[in-house]
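One chain comes next, on its own, written as structure tokens: the form predicted on its own.
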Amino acid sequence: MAITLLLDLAESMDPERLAVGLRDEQITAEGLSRLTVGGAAVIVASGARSVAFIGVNGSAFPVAMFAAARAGVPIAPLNYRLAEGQLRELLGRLDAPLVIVDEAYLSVLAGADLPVLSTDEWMRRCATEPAADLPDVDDGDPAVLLFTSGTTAAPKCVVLRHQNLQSYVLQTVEPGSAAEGDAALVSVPTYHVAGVGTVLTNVFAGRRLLYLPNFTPRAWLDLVREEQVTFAMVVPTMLARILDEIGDDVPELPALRTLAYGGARMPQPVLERALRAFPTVDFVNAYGLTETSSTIAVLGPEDHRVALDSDDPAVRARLGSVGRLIPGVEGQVRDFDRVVPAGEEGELWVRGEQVSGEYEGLGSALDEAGWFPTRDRARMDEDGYLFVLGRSDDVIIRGGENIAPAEVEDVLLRHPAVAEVAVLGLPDEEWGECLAAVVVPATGAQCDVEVLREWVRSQLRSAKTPDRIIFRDELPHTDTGKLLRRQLPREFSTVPTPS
């Protein structure tokens, strides 16, 4: 069974319910299904063996994803912000692609010997193309190809098969569970795994899916209010900017019931501020990876409320967790081959039907028992709450002691003069590695190196006090809010160590 089963079930339950787009677009579940049937005929007629999508968020993407599935070919949403050469290199790695592209990026494909449709032409063709004979699709066939960010090496191409994506949705979403009029605003880009997952989960739940093509905090607030959005998903940097936009005001967003966040680590001070700013909204932290077909752990609304109100430090600390593993996913924290007890740190390994762990041209990263190494450092408490401490490669080893950057970053972020911070390890002859911190000062704040070092020392051991601190106006991030930590070490080449 293909992922189109999710759309077919949604259509059968309520064909007239709005499925995609602004209210005046009127794309119902039945209309969406009809467009994907026409789109599948377009793909089959083109002879393409894959579909590449290059464009911002919009109704054309869910149509393309389900149409490709009906046509029995995988879809690869590509990062439209990449340079022309990078995009062409990724296109060259796809098998005979039909390229669907926004008008703004058509110039990237000038001279390319590929079939190309603008997103506007694509939607017109989907609405007018007669139905065609379509191939049978097996649930083991590839459905989505996602390229990793490739910030330190050539991007890997993750293969998500129909069975992986279906397992994720069927284990986590009740079909038709959304209330009449529910609407989900998605701000993550199409080429992120969350951009794929939200299409499937919201369509299956019967929740109208709408997009914000280019995020600004004011545009987000306006769209949530005007479209009566009930569910929204953001990355942490977006949430921080929304909070800065509203300041001390209470936003008038009466329909908003749930705010989900993920894609990068959420600074706890930002989360606590958001919980106070939106007291009637349920917060959900969703943690997952591209290789796991999106979410594998959730910190739910009640978890947030209990942790925020608790005087127990262990319970309060759960605001910094990603919650507990979802049904159908198993997890272990390992130190090499040893599964560590609750509370100890190690590498997170997961397995389940939704876990792909497969890369085009490289094969599977799963071990013989089906476990996938996430390369995330983590620990799990006695009650199963999972704390993700950062990538294994980011752990700082100072004098033989493992130090998670997140621990030091959270302390610095609690200082009122600090808006954003990144902590990393640098080579050191005496300690092996020393701690360095890049700090973005809060607006109008005066930051002093020794004041910040003393602030950390007062709350953590001296071994976790940054040896070096440098101030910057901003930190580098990916489009989805992940810190590009590895771009920072060269910043310190001439920065002296504080005495």
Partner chain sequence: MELKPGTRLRSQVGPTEVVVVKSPGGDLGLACGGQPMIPAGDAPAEGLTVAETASDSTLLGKRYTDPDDRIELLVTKPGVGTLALDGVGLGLKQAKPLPASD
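In this text, all values refer to a predicted model and were calculated from it rather than measured experimentally. Positions refer to the first chain, counted from 1.
Below, we refer to the form predicted together with its partner chain, which is not included among the displayed structures.
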Is there a non-hydrogen atom of Y211 within 4.5 angstroms of a non-hydrogen atom of its partner chain in the predicted complex? no
Taking any heavy atom pair closer than or equal to 4.5 Å as contact, tell me whether T478 reaches its partner chain in the predicted complex. no
Look up in the predicted complex whether E252 has a non-hydrogen atom within 4.5 angstroms of its partner chain, and give yes or no. no
Non-hydrogen atom contact I326 with its partner chain in the predicted complex at 4.5 angstroms: yes
Name the stretch: of 292-300, 305-313, 213-221, 72-80, exactly one has residues whose heavy atoms fall within 4.5 Å of its partner chain in the predicted complex. 292-300
Using heavy atoms only and a 4.5 Å cut-off, decide whether all three of I100, Y191 and M238 touch its partner chain in the predicted complex. no
Sole residue of E344, E121, E89, D139 within 4.5 Å of its partner chain in the predicted complex, by heavy atom: D139
Only one of Q268, Q332, Q171, S149 gets a heavy atom within 4.5 Å of its partner chain in the predicted complex. Which one? Q171
For the stretch 203-223, I need every residue with any heavy atom inside 4.5 Å of its partner chain in the predicted complex, listed N to C. F204, R207
